[in-house]
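Before any questions on how it binds or moves, here is one chain, the form predicted alone, in structure tokens.
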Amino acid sequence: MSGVASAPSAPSARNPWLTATAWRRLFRDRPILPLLALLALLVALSELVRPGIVNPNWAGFILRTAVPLAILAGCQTLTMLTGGIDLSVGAVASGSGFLVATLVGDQGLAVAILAAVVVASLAGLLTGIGVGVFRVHPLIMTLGMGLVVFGLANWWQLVMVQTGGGTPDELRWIGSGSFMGIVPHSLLVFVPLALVILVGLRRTGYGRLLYAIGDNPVAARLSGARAWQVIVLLYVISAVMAAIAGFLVSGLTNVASVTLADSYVLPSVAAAVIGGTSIMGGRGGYGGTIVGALILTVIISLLSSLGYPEAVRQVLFGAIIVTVAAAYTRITAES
């Protein structure tokens, strides 16, 4: 025996992916990766609950249903990047779809859509002026504008002496039709729109201004950015996107009413929050929001399979918003 004690072996290096810090960094910097994993888990759970339900037709239904929600959630993403929110999207979307249905018979589809987009843009312009120029809190301003749009839509309904109008065949084709029963026609609208938003946020000066205003409005102002102009244009864009979503919802459901898209408001906020967009502004992106909209659509399908009523879905959406927003806030604060 040499009598020399052997040196203690060095502790094995801990896998960096197993640390809480690594997971927080992942959720903070690349939320789309865990979101895709969650989406896959929900799809597997849907198949487990009802074997055989996950098939190409089911996938087409999920995509077709998720497209209007993803567009409205895009409105929330853009406004939340600046620390705002847009609660008027439901009323604007409903009013736009209803206006097209009531005008298409006499004016034609092109004029009806143009009129709806102009009216929606005017609503967004007034909202943007209220938020950007007069500094009204976005929550109050968009809630008030939503009520104004809803009231005007009801007045228009009385003028037209009808409770609704016929949805044009073209909107039904784009909203509810699909190629080979699988690929929704609505992707013809959604894909270009999504690309414009994704590229615009990351590759244009306007997109960078949205992040800058939400992250540090004082610094953005000192750097020469005219925040009020950015905000005014932002809410016009949000209103136009809401109008497009309204056309698709009307075509998807084959219904035109002044309350058609009201039920989309809370899920649109939830999809943006799930996608990693901070309600405090300055952080987020549209890619995560799209996955968030898909997650909520699959959850709705799963709850329907289990026989849960609409009230349960609303409770779930509210709980998701509170829980995920609190989690992202804590992750951001700790980092």
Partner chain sequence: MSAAAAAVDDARARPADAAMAFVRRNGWTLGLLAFLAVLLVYTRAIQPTYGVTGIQGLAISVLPLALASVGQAIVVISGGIDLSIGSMMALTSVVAASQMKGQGEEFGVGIVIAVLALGLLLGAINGSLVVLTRVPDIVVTLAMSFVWAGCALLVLKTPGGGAAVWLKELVKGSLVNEWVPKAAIALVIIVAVIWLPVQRSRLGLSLYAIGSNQLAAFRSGVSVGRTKLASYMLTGLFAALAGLSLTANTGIGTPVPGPYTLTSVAAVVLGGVSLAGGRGGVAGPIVAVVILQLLRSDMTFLNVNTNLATVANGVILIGVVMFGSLIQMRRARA
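Keep in mind the model is a prediction, meaning the values are calculated, not measured. Residue numbers count along the first chain shown, from 1. Here the rigid core means the biggest group of C-alpha atoms that line up within 1.5 Å when the two forms are laid on top of each other.
The same protein has a further form, the form predicted in complex with its partner chain, not shown here; the description that follows concerns it.
- The candidate stretches are 111 to 119, 145 to 153, 169 to 177, 224 to 232, and the one lying within 4.5 Å of its partner chain in the predicted bound form by heavy atoms is 145 to 153.
- Annotated contacts: 30, 36 and 187 are all free of its partner chain in the predicted bound form [non-hydrogen atom within 4.5 angstroms].
- A heavy atom within 4.5 Å of its partner chain in the predicted bound form is found for one listed residue only; from 241, 100, 249, 141, this is 141.
- With a 4.5 Å cutoff on heavy atoms, residue 280 counts as touching its partner chain in the predicted bound form.
- Among residues of the shown chain, residue 158 is one whose heavy atoms approach its partner chain to within 4.5 Å in the predicted bound form.
- Mapping the unseen interface onto this chain, residue 69 falls outside it, with no heavy atom inside 4.5 Å of its partner chain in the predicted bound form.
- Proximity of residue 214 to its partner chain in the predicted bound form: non-hydrogen atoms within 4.5 Å are absent; the residue sits far from the partner.
- Shown here without its partner chain, the chain has 280, 310, 311, 312, 314, 315 in 280 to 316 lying with a heavy atom within 4.5 Å of that partner in the predicted bound form.
- After superposition on the rigid core, the Cα atom of residue 309 is displaced by 2 Å or more between the shown form and the other one.
- In summary, the C-alpha positions of residue 143 and residue 318 diverge in the predicted bound form, ending up at least 3 angstroms farther from each other than in this conformation.
- Inter-residue distance, residue 143 to residue 315 (Cα): increased by at least 3 Å in the predicted bound form versus the depicted form.
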